[in-house]
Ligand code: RIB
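Have a look below at one chain only, the form predicted alone, in structure tokens format.
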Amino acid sequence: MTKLPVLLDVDTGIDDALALMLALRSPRLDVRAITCVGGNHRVGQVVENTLKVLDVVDAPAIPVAAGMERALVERPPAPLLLHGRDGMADLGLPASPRLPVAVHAVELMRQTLSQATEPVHLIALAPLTNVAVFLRMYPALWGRIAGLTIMGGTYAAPGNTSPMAEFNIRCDPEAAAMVLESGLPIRLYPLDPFRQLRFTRPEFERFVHAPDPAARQAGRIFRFSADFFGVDHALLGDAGAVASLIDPAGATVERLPITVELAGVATRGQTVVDRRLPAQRAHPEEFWQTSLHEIDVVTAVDEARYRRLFAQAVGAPWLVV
């Protein structure tokens, strides 16, 4: 099987941790580098959490770099308690012996794409600040990007940070607008499928007792999330976006133009997906000019397929039917 070369851009809290486990364990992906950005937690803590996940899955040496600490315009949000005080469900994992590389994340992106012998897939699971700065600084390298898989935004679902906006996009709407309207090949994995993929409490309690440390820590993350929200299930979250790259046949996709709302108050950071008929979009002079670029929007996923994919990756395929 030919592996896809990938670079992940993360703000490692609990959902990014699950996504990293899947990406690092997948035989379909060749993780070349991981870049970190402020979002779920401060960027320094994001780096620490990322290195700990590499230890959990016993990953080979992979360069990890700290990047942008704050959005292009707004001040950073406070760390979200739903990820725990340390951003990693307060698992108490030991400090990693690994060290981040001594270059900025944007420079690591440049090096990774420049040195690759084939185009690299970018998987962005965080506010898009690092990616936007890279695109602005190095337009000559756009052709080295095989595609962008982005967890962010909404299709028809309500937001999770405001009534209309999803967290990653709302953290840096200007960066999101630069990336989503760049014309690059993009697959957007919004909150709609994000909320579909879940494990029940009996299922993730079995993960906790699995032999593989990756499955055990994933189970503890699921347990923390379910306890925090007071429910009997936990979402697979950003790992679904990674799954959509590993196994695209498991995703239902629509190709649509999308615009990021920048000027609104209640709607700032909303991903405005133009779901009008093509004939209606052809008359922008009437009211509104839609984006000139269309992207692939994941509207639904095969839940059983992606649940099995994750369970197999963390070493516990027998846990999920």
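Because the structure is a prediction, the values reported are computed rather than measured. Residue positions are given as counts along the sequence shown, with the first one as 1.
Beyond the structure shown, there is the form predicted in complex with alpha-D-ribofuranose (RIB), which is absent from this document and is the topic of what follows.
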| item | value |
| --- | --- |
| Interface stretch in the model of the complex with alpha-D-ribofuranose (RIB) - options 219 to 227, 134 to 142, 87 to 95, 188 to 196, non-hydrogen atom within 4.5 Å | 188 to 196 |
| 4.5 Å heavy atom contact, M151 and alpha-D-ribofuranose (RIB) in the model of the complex | yes |
| In the model of the complex, L122 touching alpha-D-ribofuranose (RIB) (heavy atom, 4.5 Å) | no |
| Residue contact check: N168 to alpha-D-ribofuranose (RIB) in the model of the complex, 4.5 Å heavy atom | yes |
| Residue contact check: D172 to alpha-D-ribofuranose (RIB) in the model of the complex, 4.5 Å heavy atom | no |
| In the model of the complex, residues of 3 to 34 near alpha-D-ribofuranose (RIB) [heavy atom within 4.5 Å] | D11, D15, D16 |
